[in-house]
Each structure stands twice: as C-alpha cells, then as structure tokens.
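Shown next as structure tokens: one chain only, the form predicted alone.
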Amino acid sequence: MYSLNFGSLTIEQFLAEYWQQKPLLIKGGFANFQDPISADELAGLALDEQVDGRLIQKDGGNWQLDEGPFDSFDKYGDQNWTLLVQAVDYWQPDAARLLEPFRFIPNWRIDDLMVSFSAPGGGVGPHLDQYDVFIIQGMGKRRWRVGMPDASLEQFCPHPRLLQVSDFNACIDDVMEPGDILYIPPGCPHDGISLEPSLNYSVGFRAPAQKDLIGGLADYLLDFQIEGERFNDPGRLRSLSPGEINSRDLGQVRQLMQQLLADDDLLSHWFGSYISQAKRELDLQEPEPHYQAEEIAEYLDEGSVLGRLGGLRCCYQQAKAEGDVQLFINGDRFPLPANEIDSARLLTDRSQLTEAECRHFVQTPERLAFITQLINQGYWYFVE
C-alpha cells in the first residue's frame, strides 16, 4: 500500500488552500517509490485492442499522434515520443493501488489512472486540462512547468487531435524524481518534458459538465419512462402577440424543471446510477459454473479474501441517519436496509477486503446471498 505524505500540510490544509485553487509540487510524496508496472508491461498493454492507448511524437516542429492498438514501437526511435495508456487500473491491479491514497476525495470524483512512458525529450506539449490531476513520477526524471489560469493564453492545434496552448508564465518549474507528486488544478497550463526514459502516473478526477448531467438525466427519464408533471397555466392572460414566448411562460418552464430536480429520490437514484457507470467496458470474468452460497461461505470461513474488479465504480447514499441505504454498483441500484450501512461501506470503501471483513458477509443469509451475486457477476473475485 502506498502512503501519501503531504509534508508539512495536512489533507485538510491541502483541500482548503490548494484543491482547485493552485498547483503544488510534493517532493517525496511517496517515499521509496517503486514502479507498479514496467515500461515493457505498459507497452504490452498498448498492443491490446481493448486498451485505449496513444503515442505522441514531436519531429522537429511537427507533431504526430498515433492511436493503438500498436504492433511495435521500433519506428519511433529513442527520443521525443510519449506513450499514454488510459485506465490502467482496469487491467493492472498493482497499478490500481495508486488510486487508494487519493480517496480522501470521494469515489465518484475519481476517474482513472493513466500511465505514460516517455523517451528523452518526450512530452505532449503545453496544454490545459479541465479536471484535477495528481501526477506521480516513476522511474526517470521529468521537468515540469506549471502556471496559473490565464485567460489571455491562446489555444491552437498543432495536430487535428492535439490541443495545446501558447507559452505561459510558470509558478512551478522543477525536475521531478521518483516518488515526487505534482497536483494540477483545472485550467492551469502545464508542460512536462522527459529528461531520461521515464514513467508517469496520472490520477485524474471526473468533472461532469452541465450538458452531460442534463443528458444523463434525460436518458434516465426515458429509460424508466418517468414522465413527471406536465406544463399547466391556469389564470393565463390574453396574449397580445401570439408569436412571443413571454417571460412569465419561461419562468413557469424553469419552475417545472426545477420541480423535477427538487425530487430528492429521483435525483439521488439517477445520480448514483449515472456516476457509478463504468467509463469503459469492464474486464468481467464470471465464474463458470457460478458459485453456490454455501461454497462462498466455506471459502470465506477458511480465510479467503476478496478483491474488487479494476475499474468497478461503487458508491452509496444514506439520505437520513438511520434511513435506508442506496448502494450503486456499475449503474445498478441495490436498496439495503439501514442496518446494512457497514456492508455498503465495505463494498465501496475497500478495493480488497481483509479476512475479518470478508466474514462480515457470512453472518446473515441475506449478506451471503448478496456477496454471492456480486462474485458471480464478476464484480468481486477471490484474491490468489
């Protein structure tokens, strides 16, 4: 397990003073850091057609972007290129553990773990992201420059699928070494250039836009055939211009939409389902044949432990103290009684359960049936 050290800062101070406000370089954030994945293993992942990989290369003043799956990397030489692989936490359990120290931010905000390998001189150019990111330096060294948000910066495309920004004033300009961590808030220009063969791990965070939220809610209403209330207008005044949409009508439309969002049950059920859906297809391995509950109980009683599938998104809600619990796993909602709050927390707060935590699920027939269902769906598995 990785232990995150903010130095003289507490997590509370970091959140109050830096989160979404200004960048921070944390020297030695992970002491004695060891790469959980090698450059060769990362390259192997990028050969798989199920994996989202891209390679960015600068040749003189020209930028080139190739998308995976790749056959080989021989043609790229030994300088000025970067291989980026998204969602490595879906495929590589050891790398997925890098997400755990950052769970002082709730699960629903964490996106995925991107891993990059850069040859000397490699980088993707100065650019902006619209989400928070922690960049962990693995093997090698990389120079990073980071600036504060600047509305005057010009964005341009040196390649049709590559957006960069003009040069910027850096408030951080430093060389990162293994175990160093760089936090970059949304909108901060940044540029990293590898000084030697290096690995970087980017813990990205979700920041859904209003259009995505509204679109997701609309899909939910359609899927579940939720019509809601209809527009009505008793006491309407005579219209002097039948072509006009007047401010009173527009206000009633706004009120109708706000009334929908004011339905706490609807909002919470939709958002939990929406935000727990996997970003990409999960590598589900359903056991064949399916386990029987008695088999699961025997294994857990004997000390077997369970791990959660990489990339599986889980969260829960308990709107009122002592109220029922809504557990969300991969877009599905599982209502649980209030006294099962500990079960919900174990399934959402832990990526791997201890022996004692596993035995929690054999204490009642209902818990045993539920964990058996999750194992048979491939969401949880026995750790070897």
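Numbers for residues come from their place in the sequence shown, where the first is 1. Keep in mind that what you see is a predicted model, and the values were worked out from it rather than measured. We call the rigid core whatever largest set of C-alpha positions still superposes within 1.5 Å between the two forms.
Absent from the display: the form predicted in complex with another copy of the chain. The rest refers to it.
If contact means any heavy atom within 4.5 Å, which of 281-289, 294-302, 152-160, 221-229 contacts another copy of the chain in the predicted complex? Single hit among the candidates: 221-229.
Taking R103, L213 and Q259 as the candidate spot, are all three within 4.5 angstroms of another copy of the chain in the predicted complex by heavy atoms? Checking in the predicted complex: R103, L213 and Q259 are all within 4.5 Å of another copy of the chain.
Candidate from S72, S239, N169, Q277 lying within 4.5 Å of another copy of the chain in the predicted complex - any heavy atom: Looking at S72, S239, N169, Q277 one by one, just S239 meets the 4.5 Å heavy-atom criterion.
Heavy atoms within 4.5 Å of another copy of the chain in the predicted complex: does D173 have any? Because no heavy atom of D173 falls inside 4.5 Å of another copy of the chain in the predicted complex, the answer is no.
Contact of N80 with another copy of the chain in the predicted complex (heavy atom, 4.5 Å): It does not: once another copy of the chain is placed as it appears in the predicted complex, N80 has no heavy atom within 4.5 Å of it.
Would you classify L25 as touching another copy of the chain in the predicted complex, given a 4.5 Å non-hydrogen atom cut-off? Flag for L25 set to no.
Looking in the predicted complex, any heavy atom of W91 within 4.5 Å of another copy of the chain? Contact with another copy of the chain, no.
Contacts with another copy of the chain in the predicted complex - residues in 343-357 whose heavy atoms fall within 4.5 Å: The stretch 343-357, when checked against another copy of the chain in the predicted complex, contributes R345, T348, D349 at the 4.5 Å heavy-atom cut-off.
C-alpha of R248 off by 2 Å or more between this form and the one not shown on rigid core: Yes, the C-alpha position differs by at least 2 Å between this form and the one not shown.
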